[in-house]
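Before any questions on binding or motion, here is one chain by itself as structure tokens, the form predicted on its own.
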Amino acid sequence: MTGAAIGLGAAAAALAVGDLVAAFTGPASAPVLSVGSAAIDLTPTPLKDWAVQHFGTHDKTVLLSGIYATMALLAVAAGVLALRRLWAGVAVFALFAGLGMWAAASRDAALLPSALAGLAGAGVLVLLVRLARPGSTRRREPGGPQRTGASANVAVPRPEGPPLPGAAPSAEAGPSLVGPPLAGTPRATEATPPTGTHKPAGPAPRGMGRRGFLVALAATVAGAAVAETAARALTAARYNVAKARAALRLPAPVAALPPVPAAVHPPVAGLSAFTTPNGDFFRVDTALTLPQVPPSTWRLRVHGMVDHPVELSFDDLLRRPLHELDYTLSCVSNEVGGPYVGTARWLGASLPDLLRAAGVQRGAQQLVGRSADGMTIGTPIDLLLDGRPALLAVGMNGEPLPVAHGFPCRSLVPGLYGYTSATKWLVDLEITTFAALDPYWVHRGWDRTGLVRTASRIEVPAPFAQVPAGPVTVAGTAWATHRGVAAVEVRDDGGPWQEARLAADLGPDTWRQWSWTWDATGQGPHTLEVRATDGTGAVQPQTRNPPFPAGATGWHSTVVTVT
């Protein structure tokens, strides 16, 4: 228990020091975040897909929890080892520091937080081990070794011969066994311990004692808590852009879109809202901590294979003509029937107009967007310049972009999954070739283009719901962005396809909701299936394929029970 407490106390001090230093060097340089970000970069694609499927938007929380749990186990091991071999415990914290520095270097983050965290952890470990170890168990008396037992106080026969000077004559004949005390021996009047006993040794010192060690351990934990609290407060004060976002007033669009008509959403309880509220909009990315980019310092650089490189401030961007766009954004990680899709009214400047002003050179093949946290997203140039309304978005559903969705600026390209079109926290645009650079996801094996597949899902009734016999409303959503949805069909237990009623169409870049009245007969379980036809006449394929490497395909189905 003592070793475990020492290790955990030292680890708490190390993390607090690392986070406190990171409050000055940047949140991404905090040791745990550095290691977590590096772990995300190194995680194989199948494992990433598994994490998204099983943990959803909580995948980052699960990752961080795993890192903290692993660190706690290693800290316990370090404390136990240190009580036996101090150098071994110190080596564990040196490993902590080295791993954190390597992870920070891989993300171009500061190394100092991890280095100082390792030093602090090792220093606290050494201090607590020394306080916990017992000291000497016996104290010597001044003047040499102490006599014990009968030899300490026994009558010594006087040798025969003349009496010692000043000695009294013996009252009996024969040699006297008792005489005056020899020099240095105690007199009879002194408090001499009885024969066979010895003078007790002084109290054995034990470092600071058990109580002192516990006080030092408690002080370490309290100090770590104070330092961690200070680190979070400093980080929020120095890097949080919430106030800047709240104070921002976006200009009006050059041509405001009319309100979304009610006819786009069938009045069916349980059906997703047509326009997804910002707080409910899905978030799938690799950022363990949200980049905090102040609008006052934001710059967008457009360079590479262009005739006229451009650099814009945020005010420059807001002075450009702003346009509204109703657009359904979907994630390539979405499984058939999955939740990683949403529709919003976006506000932003035309991305194709900016590229044309910069002058895209012959031979350019892709636009690589870079985010403030280093993410790279590649978009084929020919799709950007084919007339689709791609945006440098600054607003979402009537307010500035939420930080979780890219504040102050992100890119959007209708018809493409987010991993090839939607760079959040955008700070750089490079026009280049496919051979020159593989963006983050392409480097990991995903398709380079990222065209959105036709998809549809049943939302009502919910999976495994129990419904009464008779008419039952079945409803859901379908999308094939930039191609549109022309038809949706539903069937029961593999029977003939029945055409569903489509809600009003807001345009090819948004999803389309539908409903169908099912005559539910026959008690027991039933399987409902749905498929969609896009605006080109292509029917959604039946074959199920996983998201990797180009998006999931297949019909969505659900099982309900008729009672």
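Just count from 1 along the sequence shown to find any residue number. Because the structure is a prediction, the values reported are computed rather than measured.
If you look for the form predicted together with a small molecule, you will not find it shown, but the lines that follow are about it.
Task: Answer range among 229-237, 294-302, 374-382, 354-362 for contact with the small molecule, defined in the model of the complex as heavy atoms within 4.5 Å - done: Looking at the other structure, the answer is 374-382.
Task: Touches the small molecule in the model of the complex: Thr423 (any heavy atom, 4.5 Å) - done: Judged by the heavy-atom cut-off of 4.5 Å, Thr423 is in contact with the small molecule in the model of the complex.
Open item on the list: Please tell me whether any heavy atom belonging to Phe281 falls inside 4.5 Å of a heavy atom of the small molecule, as the geometry stands in the model of the complex.
Closed with: Yes, Phe281 sits close enough to the small molecule in the model of the complex that at least one of its heavy atoms falls within 4.5 Å.
- [ ] Tell me, yes or no, whether Leu125 is in contact with the small molecule in the model of the complex, where a contact means a heavy atom of each within 4.5 Å.
- [x] No, no contact at 4.5 Å.
TODO: Considering only heavy atoms, tell me if Thr432 and the small molecule come within 4.5 Å of each other in the model of the complex.
DONE: No - in the model of the complex, heavy atoms of Thr432 and the small molecule never come within 4.5 Å of each other.
Task: The unique member of Gly118, Gly79, Gly348, Gly418 whose heavy atoms fall within 4.5 Å of the small molecule in the model of the complex - done: It is Gly418 that has a heavy atom within 4.5 Å of the partner.
Open item on the list: Counting any non-hydrogen atom inside 4.5 Å, which residue from Asp285, Glu324, Asp492, Glu489 sits next to the small molecule in the model of the complex?
Closed with: It is Asp285.
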